[in-house]
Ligand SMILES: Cc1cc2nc3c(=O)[nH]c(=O)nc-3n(C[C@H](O)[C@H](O)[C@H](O)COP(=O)(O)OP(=O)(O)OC[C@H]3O[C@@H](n4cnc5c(N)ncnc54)[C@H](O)[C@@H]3O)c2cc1C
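First comes one chain, alone, set out as structure tokens in the form predicted on its own.
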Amino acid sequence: MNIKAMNTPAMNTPAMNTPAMNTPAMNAPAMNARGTVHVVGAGIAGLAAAVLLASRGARVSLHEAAGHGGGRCRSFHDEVLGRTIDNGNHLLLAGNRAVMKFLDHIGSRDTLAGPADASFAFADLRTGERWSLRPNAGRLPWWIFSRSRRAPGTTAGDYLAVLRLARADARATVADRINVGRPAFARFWEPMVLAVLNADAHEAAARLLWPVMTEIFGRGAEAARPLIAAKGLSRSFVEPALRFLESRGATIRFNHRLRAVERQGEHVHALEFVRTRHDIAKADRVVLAVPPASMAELLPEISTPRGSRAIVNGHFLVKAPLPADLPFLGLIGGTAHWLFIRGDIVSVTVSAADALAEVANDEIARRLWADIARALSLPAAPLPPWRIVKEKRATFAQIPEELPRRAKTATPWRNLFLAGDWTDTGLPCTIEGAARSGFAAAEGALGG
């Protein structure tokens, strides 16, 4: 979840269906082996597309406007902390099929770490209560009938409420389908909605939550087992992907911003970058894996979501001993929503953080450290070294009004395909959705 990258909990009913990988029936002929696929954007969607293309023997040219890959899923060295940190915290799950396929391609699945079983620890900062959600193995969800496996003060019926999401129409919010007045809302549903949809339950699209619930908790404990990038996002996703592409002869260009897409009739015939221009031959294909705001500028004909929602992350260098068996912790009743521990760095995430993102960084740091201190029984003062990272456009606004604006993989141009977590993957804006979109665009470029 990014905690937006989470494809997270719910019920294990056998009849639940999972969405397809969004591989469309393409109208392009099979790609000539001599052609080049130009992938624009080296975030997770673009990397996934490029990796799959290269693994199938395609000639790949990867273009990225920034000086690095990964987009919103990367690591960097922070001078204040003296540590490498992630620009955002992401919780993966073993059932993220596209993510695991991507990591298997680039040989880095073993860089993920997590508990041996599906266990999600929580702490209520107001009451001091602690508990763990512990789904059982197998598809029959008997865990919801065990008090020791669910949140305190909740009932089995609170979790069976997930079935109401299956009947949600396109206009329904989560709050329309889930009772926000029940204790289970604060202790189960709200953390999931914030993590998965990066929006308040009163505006978050209910339709987007259902496939996440069915794909993960609907497949039993093994699929729901939580994982994190133990050495950072770049070590797991970006660096091995770039090495893989280089080993397959791909051309990789950073600081290479696309300025215009020239199209003629049913085809794109040129890509104009800030300093260069690439003519697109008949056998070539193009995959655009850029954010919705960039897409709207490049191709106004393509429908894109208009709003966005922020995520704020705080990173703190902690010299005191930290729990070695607690890689992450859900937080209830504070400012922060999730806490992660990697070595001597404690990181916290705040989703749906548009208002908080406008607050001064030093004040945000004080608020977040107060949550950490309570959660980990650390001194509230002094404030340790910190770094605040604000992603003001972390996701598009995942609300009912914006869902129809998600673009399909195929476009009106026969040699152009789209990728990105904002496209119509059937999933929320997560790493899983980004990887699926990249694979779908690659399949389209290869001719289906």
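Only a predicted model underlies this, so the values are computations on that prediction, with no experimental measurement involved. A residue's number is simply how far along the shown sequence it sits, counting from 1.
Not on display, but discussed next: the form predicted together with this ligand.
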Would this ligand be touched by all three of A151, V212 and I332 in the model of the complex, meaning a heavy atom each within 4.5 Å? no
Among 390-398, 49-57, 410-418, 375-383, which stretch sits within 4.5 Å of this ligand in the model of the complex, heavy atoms only? 390-398
Just checking whether A161 would be counted as a contact of this ligand in the model of the complex - the rule being heavy atoms within 4.5 angstroms. no
Tell me, yes or no, whether H337 is in contact with this ligand in the model of the complex, where a contact means a heavy atom of each within 4.5 Å. no
My question is simply whether T304 lines the interface with this ligand in the model of the complex - judged by any non-hydrogen atom within 4.5 Å. no
Using a 4.5 Å heavy atom cut-off, state whether N313 contacts this ligand in the model of the complex. yes
Given that this ligand is left out here, which of R243, R147, H202, R257 has a heavy atom within 4.5 Å of it in the model of the complex? R257
Pick from L103, V290, I280, A352: which residue has any heavy atom within 4.5 angstroms of this ligand in the model of the complex? V290
Give, in sequence order, every residue of 63-93 that has a heavy atom within 4.5 Å of this ligand in the model of the complex, or say none if there are no such residues. H63, E64, A65, A66, G70, G71, R72, C73, N87, G88, N89, H90, L91
